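A single chain comes next, written as structure tokens; it is the form predicted on its own.
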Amino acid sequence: MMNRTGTDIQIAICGSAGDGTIASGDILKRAAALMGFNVIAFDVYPPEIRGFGKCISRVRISSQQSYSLKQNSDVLISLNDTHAIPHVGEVRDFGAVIYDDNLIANVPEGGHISGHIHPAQIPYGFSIRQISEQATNSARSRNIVILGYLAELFDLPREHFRKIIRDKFATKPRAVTDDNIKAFNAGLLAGSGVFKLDDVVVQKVDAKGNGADAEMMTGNGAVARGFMEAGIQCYFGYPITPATSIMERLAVEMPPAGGKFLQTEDEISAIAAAIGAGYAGTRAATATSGPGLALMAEMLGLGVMAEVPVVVVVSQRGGPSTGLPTKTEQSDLNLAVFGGSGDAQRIVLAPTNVEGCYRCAGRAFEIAETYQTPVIVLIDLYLSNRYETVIPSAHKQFAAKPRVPLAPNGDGAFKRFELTENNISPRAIPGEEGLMHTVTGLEHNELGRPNDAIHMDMNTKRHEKLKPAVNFPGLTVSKRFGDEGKVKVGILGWGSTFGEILETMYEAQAEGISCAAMKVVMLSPLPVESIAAFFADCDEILVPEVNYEGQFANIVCGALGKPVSRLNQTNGAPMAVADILAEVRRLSGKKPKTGQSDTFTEAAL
């Protein structure tokens, strides 16, 4: 679809596990990025471990900046009609449905997608399987055939696809690459004779300064990049969806760079080892999901009590318990902020996009070392697995500063937990001459020796030292967008949902609703002053969250003592802009619009 701002189309490829759905989506998004487009992509996997069930790859291609996926795709490509049929309704009016119209077996009544295409949608049927078999002697290249057809139908640059195909299969035998190029070319030929009826238009963009430099990166990939550029020295991890790919990438990249990597037997040993490494003076991290964070709670308390810097990335999924391993949710906020015995405040960061994952992961080590405390970087499955075009900085931003050793005390009585004016004590590394000290999980005095009489003073110290973190340099702790001054509706958000919030804000402004949005990246300690200033400018405050309890709304209301309107969903999918916009209209007193929305939801998980 072409609008006033240029190209903005979304293509959904739907198939069964084993059809190459995700692979074709990967080639499409990387080719589009190479063309110079801004790209957001998100893949939906089946929940079954052994790889049965439906896969969907959605790719939004824009000539302008976009912040979320759309609810209504412009093109749906079916590699498996059974799985694709429930998603026909997600294709907008005058959008395209591409499918195989030459099946090799009879299907039951209603089993073919052609019978479900809406009157306002444009069908494009062709012999996908047959063309694949003729080109490569196999039906396994159907997913590449449809890319050639798509490129020809919408006049996309062919060489970008061929380059990505060659790169993707570079480690395979040459025959594999050749067959996939043949399949792509066969798809091009099939699309060349088609009379195009839909109104999907892709404008050419100048790739200079974008396509040549941009990288397609997931949130997890960005975390790993941030860790590496920050000079991570030790990583300890245990596999858990959706955080595992962080560990997998670091397992490859850390050893050649001189880092130490260890897959531990469980999450408890992972956090224990990371805290031990942090205590020994290295930059150490681990990554997990909600169930793993629950197991780590006791050791995180030790990190708080012993004032040890360590970084923990938590990628949230549906819960509680084992929950929904392959579905997204924002329901571990309470656990991240409050999880643990006693008063155990730690710093919690929640990036809102892929680039933010990179910045928060890289900056987390500096923050942890500055305030001598665990830092949690809280993301979710949607952000972990979401691809975005990112143009990396030419310079490393998180280079570790050389440690300046402390001068030894003459009397040998080193106060590791000294009560200082800024509440941050001098930190010595075990083995430094003249700085021997005690570290324990028990409450202790300034020397680190068990002493419960000083508990109030130490509690004050551990909490007060974190307050200046809301002004930490090089980190966007919170930021306001949209209309300035007084507005009718303000939308307050955190984490991956903020992309949908921004899209909502722009749509509301286009409808004449005075609207602003604020993202909060540092969730603990909370930047109360900036949030309070935002509240003061808004007649109504809406807090959308992908959790049932409104966990962020509860934290904000508790801190400010002011009510908010809440929008909470737990359907395993990113929140739909249409739903947020409906609430904004209601709060502003504006009547709802009729017709199709242009935002993303998951209709049939």
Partner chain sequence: MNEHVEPVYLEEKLEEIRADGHQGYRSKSLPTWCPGCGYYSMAEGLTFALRRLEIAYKDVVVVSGIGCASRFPFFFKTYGFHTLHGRVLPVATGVKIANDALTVVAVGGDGDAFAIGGGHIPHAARRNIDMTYLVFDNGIYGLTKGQTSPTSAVGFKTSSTPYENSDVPLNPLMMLLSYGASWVGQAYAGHQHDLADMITQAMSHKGFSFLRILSPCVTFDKTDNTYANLNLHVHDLPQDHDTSNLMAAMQAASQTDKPALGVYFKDDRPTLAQAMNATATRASGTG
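Positions refer to the first chain, counted from 1. In this text the structure is predicted, and so the values were computed from the model without any measurement.
Just so you know, the form predicted together with the partner chain exists too; it's not on screen, but the next bit is about it.
Asks: Out of 353 to 361, 472 to 480, 192 to 200, 432 to 440, where are the residues with a heavy atom within 4.5 Å of the partner chain in the predicted complex?
Replies: Selected range: 432 to 440.
Asks: Which of Q71, S245, Q121, S269 has a heavy atom within 4.5 Å of the partner chain in the predicted complex?
Replies: Here the answer is residue option S269.
Asks: Which residue, A400, L262, L419, I454, is the contact with the partner chain in the predicted complex, using a 4.5 Å heavy atom cutoff?
Replies: None of the others qualify; the residue that does is L262.
Asks: The partner chain in the predicted complex: within 4.5 Å of a heavy atom of each of P108, I113 and S127?
Replies: Spot residues vs the partner chain: no contact at all.
Asks: Taking the partner chain as it sits in the predicted complex, is Y279 in contact with it (heavy atom to heavy atom, 4.5 Å or less)?
Replies: Result yes; Y279 sits at the interface with the partner chain in the predicted complex.
Asks: Hey, in the predicted complex, does C234 get a heavy atom within 4.5 angstroms of the partner chain?
Replies: Result yes; C234 sits at the interface with the partner chain in the predicted complex.
Asks: Verify the contact flag for G342: yes if a non-hydrogen atom of it lies within 4.5 Å of a non-hydrogen atom of the partner chain in the predicted complex, no if not.
Replies: Taking the distances in the predicted complex, the answer for G342 is no, it never comes within 4.5 Å of the partner chain.
Asks: Should R449 be classed as touching the partner chain in the predicted complex when contacts are defined as heavy atoms within 4.5 Å?
Replies: Flag for R449 set to yes.
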